[in-house]
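For reference, the chain that follows is the form predicted on its own, supplied as structure tokens.
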Amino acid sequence: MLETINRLILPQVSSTFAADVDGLFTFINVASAIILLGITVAIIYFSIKYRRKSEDDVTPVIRYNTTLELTWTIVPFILILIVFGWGFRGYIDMRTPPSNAYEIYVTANSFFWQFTYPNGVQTTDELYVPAGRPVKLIMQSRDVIHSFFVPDFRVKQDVLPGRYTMAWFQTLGTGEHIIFCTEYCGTGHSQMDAMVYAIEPEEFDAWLREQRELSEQELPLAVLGRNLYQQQGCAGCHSLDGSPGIGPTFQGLYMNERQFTNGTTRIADAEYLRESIVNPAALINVGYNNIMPSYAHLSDDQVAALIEFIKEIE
């Protein structure tokens, strides 16, 4: 019965330590319910038994009861020890990844997740992992504090600027699982979600090889720009169909007049687009906030590719 109730109120169990987390959660709730019921029954019983029946009733004074004192001291102490031991064991498991864990670097940005694999492959908002194998995430933030949370895995870890944090998990099988940011990080916080795709190890190896080969092919600048649009997280803020977003849409942007918060205007030519990518804080479009990070780390060819891609979005 408890298992049925858990499945109604908790996400699916999809990692090796999710069941243990749920077990502790259930124990705390059941123990709390039993204590609550016992106290409620005692209050009702004593209210009836010791109610004042006449003006002459005198409430007896109980000064000390050794059995009662020991009971309400020892029982909570035992419960605390159980919860502490259970929780500490689970904490150690979550903080000690196996030595053979597959390592993936995670970079949090406002407002998207970027994943970098050992062979150099990068993805945005899509984390592919081999099912049934331990996966270690080495995480950092480029701007503010974020928090990486996969409910199905019972994994949650803050991601901080200027330092690495770590989390790991091992899936119980293949499947798709959603990633949330659970630390408020700005206006696009609610849109900062991603997906974990747990696939068979052989399929994962083939996917890695395919992605590596694609990244090494010589592509037209506009096609490379479209890939960068996805890989660098531009899609999280800039739409391609004119729909409103956190940042201006790319549709019809090229050679369109832009109005800025400092009262000036400018035509969105190639030079303006380059400056907006490298130093976005220099000119802020009216109606938008200064939240875009600098992409000065991109090479000149990559910046040119993004510009060519934007030119084609009419």
Partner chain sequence: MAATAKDLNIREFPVEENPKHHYLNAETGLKSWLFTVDHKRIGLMYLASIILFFFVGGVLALALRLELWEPARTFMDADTYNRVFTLHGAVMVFLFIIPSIPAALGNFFLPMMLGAKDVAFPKLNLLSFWIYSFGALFTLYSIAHGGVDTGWTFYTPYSTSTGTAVISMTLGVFIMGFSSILTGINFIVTVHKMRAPGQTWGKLPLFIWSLYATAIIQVLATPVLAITLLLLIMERTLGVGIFDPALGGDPVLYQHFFWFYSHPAVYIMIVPAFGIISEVISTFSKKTIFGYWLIALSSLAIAFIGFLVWGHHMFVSGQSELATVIFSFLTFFVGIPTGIKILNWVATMYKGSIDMKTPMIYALMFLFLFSIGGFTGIMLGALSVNVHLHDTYYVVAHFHYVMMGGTVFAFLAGIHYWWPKMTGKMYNEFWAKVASVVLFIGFNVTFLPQFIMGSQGMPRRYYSYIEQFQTLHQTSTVGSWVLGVGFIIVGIYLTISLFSKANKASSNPWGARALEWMSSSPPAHHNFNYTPVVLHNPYDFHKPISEFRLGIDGSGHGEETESKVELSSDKA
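Bear in mind the structure is a predicted one, so any value in this text is a computation, not a measurement. Rigid core: the largest C-alpha set superposing within 1.5 Å between the two forms. Residue numbers count along the first chain shown, from 1.
The same protein has a further form, the form predicted in complex with the partner chain, not shown here; the description that follows concerns it.
Contact annotation: Gly120 falls outside 4.5 Å of the partner chain in the predicted bound form, judged by heavy atom distances.
Contact check for Met255: no non-hydrogen atom falls within 4.5 Å of the partner chain in the predicted bound form. Taking non-hydrogen atoms only, Leu81 approaches the partner chain to within 4.5 angstroms in the predicted bound form. Using a 4.5 angstroms limit between non-hydrogen atoms, Leu10 touches the partner chain in the predicted bound form.
Listed residues Val135, Val106, Cys237, Met94 were compared with the partner chain in the predicted bound form; Met94 is the one with a heavy atom within 4.5 Å. Taking a 4.5 Å heavy atom cutoff to the partner chain in the predicted bound form, the contact residue among Gln259, Asn29, Gln251, Asn289 is Asn29. Partner proximity in the predicted bound form, defined as non-hydrogen atoms within 4.5 angstroms of the partner chain, places exactly one of 203 to 211, 238 to 246, 122 to 130, 176 to 184 at the interface: 176 to 184.
Along 157 to 191, a non-hydrogen atom within 4.5 Å of the partner chain in the predicted bound form is carried by Gln157, Asp158, Leu160, Pro161, Gly162, Arg163, Thr165, Ile178, Phe180, Cys181, Thr182, Glu183, Tyr184, Cys185, Gly186, Thr187, His189, Ser190, Gln191, in order along the sequence. Annotation: Cα of Ile62 displaced by at least 2 Å between this form and the one not shown, core superposition. In a rigid-core overlay of the protein, Ser32 has its C-alpha displaced by under 2 Å between this form and the one not shown.
Relative to what is shown, Asn279 and Tyr105 are closer in the predicted bound form; their C-alpha atoms differ in spacing by at least 3 Å. In the predicted bound form, the Cα positions of His297 and Asp125 lie at least 3 Å farther from each other than in the form displayed.
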